[in-house]
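Form predicted on its own, single chain, as structure tokens, below.
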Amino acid sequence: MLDWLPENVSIFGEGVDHLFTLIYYITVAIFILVNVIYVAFIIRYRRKRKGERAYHYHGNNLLEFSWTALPFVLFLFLAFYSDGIWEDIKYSDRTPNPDLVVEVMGQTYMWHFRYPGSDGIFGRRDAKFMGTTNPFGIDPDDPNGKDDYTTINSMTIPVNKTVLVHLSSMDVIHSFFLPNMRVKQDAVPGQWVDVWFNSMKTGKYEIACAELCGSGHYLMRAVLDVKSQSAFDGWIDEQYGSQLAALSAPAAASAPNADASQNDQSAPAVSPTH
């Protein structure tokens, strides 16, 4: 393996690394071979005597067929070799049943993450509701979306669990890149794409945008926080509590006003004195 690659903590990362390493060393070998032949030809066919004339060489059909067929065979081999890895990562029928589903929305220059509330159901979304304060376009009239909660530039997941991401963008094309998970997937406006991963190790890892999305592209970074199951359960319970408290606060604030109004209506009228 190439020791300068980011640490692999993904269950399918080993296959990706093997493919990357194989292509890398094949490329290095071809580079060396081509340059050795190049230098050899420079030395062998350099001009030797003044007035020496070049001669016409028609070509060699076998040689031309060989340097056309060999790359074709090489690319065909790589295609078949990588097909199984690609299917495991990208094919929906190969995706394991998710333990956690998170919606991810790219926005210049930040990442939004949406979790279902305590009911485990995402609220309905519609593009007409999308805006800076509602990047996912959550329908305000859908009760299932009332307890959904979102984070910005921070995604928290449990270790050794399959995480399924519903990915999209609200402005331009971004690329959801998790180097340690060996995941990179374009986020396209108006489309929702599924991508999954499973982390084998707790820790904090980088989430980056791998698509040039503007002058502030370098700022579009987030943190993937992989916690133990118990720590994640505590974190998610805290989020549920905060969200439910925020929902109950307006109702509690309006209750005293309602009681005061009822008291005013029930109080007897007092005649003014002169």
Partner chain sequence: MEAVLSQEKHAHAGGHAHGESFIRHYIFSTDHKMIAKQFMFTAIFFLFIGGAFALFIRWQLAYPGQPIPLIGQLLPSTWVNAQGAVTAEWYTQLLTMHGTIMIFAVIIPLLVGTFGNFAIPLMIGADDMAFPFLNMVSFWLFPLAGVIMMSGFLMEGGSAAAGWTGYPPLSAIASTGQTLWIVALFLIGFSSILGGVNYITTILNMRAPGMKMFDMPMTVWAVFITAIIITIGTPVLAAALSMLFMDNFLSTSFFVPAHLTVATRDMSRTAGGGQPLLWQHLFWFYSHPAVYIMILPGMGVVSDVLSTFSRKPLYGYKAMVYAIIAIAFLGIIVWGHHMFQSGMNPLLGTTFMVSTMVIAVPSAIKTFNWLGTMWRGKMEFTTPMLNAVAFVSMFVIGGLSGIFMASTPVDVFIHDTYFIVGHIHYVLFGGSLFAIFAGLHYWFPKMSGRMYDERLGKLHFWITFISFNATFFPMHILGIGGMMRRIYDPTVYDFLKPFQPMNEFITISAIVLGFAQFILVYNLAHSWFYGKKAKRNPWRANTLEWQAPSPPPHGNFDTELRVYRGPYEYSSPESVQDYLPQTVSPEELLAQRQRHEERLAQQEHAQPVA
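Positions refer to the first chain, counted from 1. Because the structure is a prediction, the values reported are computed rather than measured.
Same protein, other form: the form predicted together with the partner chain, not shown, and the subject of what follows.
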property	result
Answer option from K90, R124, K161, H166, heavy atom within 4.5 Å of the partner chain in the model of the complex	K90
Any non-hydrogen atom of W86 within 4.5 angstroms of the partner chain in the model of the complex	yes
Interface membership of Q185, the partner chain in the model of the complex, 4.5 Å heavy atom rule	yes
Contact of A231 with the partner chain in the model of the complex (heavy atom, 4.5 Å)	no
Any non-hydrogen atom of D119 within 4.5 angstroms of the partner chain in the model of the complex	no
Residues of stretch 25-54 in contact with the partner chain in the model of the complex (4.5 Å, non-hydrogen atom)	T27, I30, F31, V34, N35, I37, Y38, F41, I42, Y45, R46, R47, E52, R53, A54
